[in-house]
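Here we start with a single chain on its own, the form predicted on its own, put down as structure tokens.
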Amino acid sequence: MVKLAIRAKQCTFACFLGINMEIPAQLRQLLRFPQNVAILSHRNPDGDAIGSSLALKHFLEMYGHQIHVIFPSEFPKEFEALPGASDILIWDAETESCKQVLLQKNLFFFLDFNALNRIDKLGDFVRDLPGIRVMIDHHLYPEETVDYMFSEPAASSTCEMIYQFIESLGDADKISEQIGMCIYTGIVTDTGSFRHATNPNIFRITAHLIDNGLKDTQVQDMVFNSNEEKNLRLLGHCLANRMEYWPEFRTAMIWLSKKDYEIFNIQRGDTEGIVNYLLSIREVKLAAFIHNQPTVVKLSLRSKGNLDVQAICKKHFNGGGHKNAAGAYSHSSLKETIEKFKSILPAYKSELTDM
């Protein structure tokens, strides 16, 4: 089912799954001629943010568009192998250069985020710049601050949506091996290697990508088999010393302090995926990873089944995300944040213990 609604500022909302997007004629016309394009994604970019941004970059470059990809902060080193990753600009590290680039742009793509506050000061700068804005995203409750919005929370990933965007333009045959590698990276990371958030469409997409030259096992190795020794030692520490389990609530938690960050020299991306180990416990329905970053305490929640962790994050920690994967920040201390998390569990006992 396709839902198309015209909103303020000529905003177009396209809702789809498993079929082509409806791309308005005005946007199709715009993309026929070379534009000066910025592709932006969220802070602490993950595989989906990076993969979708680079896939769209390579596709648009085929039509002569001038493209810059800009992220608010650095990305995990395992994604450096993606084609075009070395050209990504990082706002935190090169703010003035990013500003000069953005001032030249007339077309902005917002990928894998649904509100400008997700890109922090980069969003503040972009907010008042002239130009057309296009959002492609799969998170709940997008802000209507763009000219064209493609939003589908049921999609596995923004990379799935980028594939459908290209396909709906009639260009599926132009999805090269390098574009396929980028798209597959986002799908495989956001689905946990096809363990959750799946749908029939992503398997069709993956089959097409492999037919077009994708080396899927190479991407799997890049994402999941590129740990350093310290990563395994950190995981061992988390499971042996920082894990708590409350069987009466079918809930498990791992926490890390600032001291842990110092001891293990934890860098961006080193803790990615740790929370998912808790879900491997048969009885666990809710998993939490709470860690003390330099200025805030970050929470990452994951769930099985119908438990909506997005709603939990939104209600108690001003966060958000997806039904089974969400996150939030707390300006309280690590201890206070953990105690608050524990204190809310009784209110969800019926949902947590419902088989």
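Every value quoted in this text rests on a predicted model; they were computed, and no experiment measured them. Note that residue numbering begins at 1 and tracks the sequence as displayed.
Omitted from view is the form predicted together with ligand 5GP, to which the following refers.
Chemist: Please pick, from Arg250, Arg133, Lys105, Arg118, the one residue with any non-hydrogen atom lying within 4.5 angstroms of ligand 5GP in the model of the complex.
Modeler: Contact residue from the list: Arg118.
Chemist: What is the one choice in Lys298, His65, His316, His68 with a heavy atom within 4.5 Å of ligand 5GP in the model of the complex?
Modeler: Partner contact (heavy atom, 4.5 Å) among the options: Lys298.
Chemist: Give a yes or no for His139: in the model of the complex, does one of its heavy atoms lie within 4.5 Å of a heavy atom belonging to ligand 5GP?
Modeler: His139: contacts ligand 5GP in the model of the complex.
Chemist: Although the partner isn't part of this model, could you tell me whether Ala287 comes within 4.5 Å of ligand 5GP in the model of the complex, counting any heavy atom of the residue?
Modeler: Outside the cut-off, so no.
Chemist: If you check in the model of the complex, is Arg302 within 4.5 Å of ligand 5GP, heavy atoms only?
Modeler: Flag for Arg302 set to yes.
Chemist: When the contact criterion is heavy atoms within 4.5 Å, does Ala328 count as touching ligand 5GP in the model of the complex?
Modeler: Yes, Ala328 sits close enough to ligand 5GP in the model of the complex that at least one of its heavy atoms falls within 4.5 Å.
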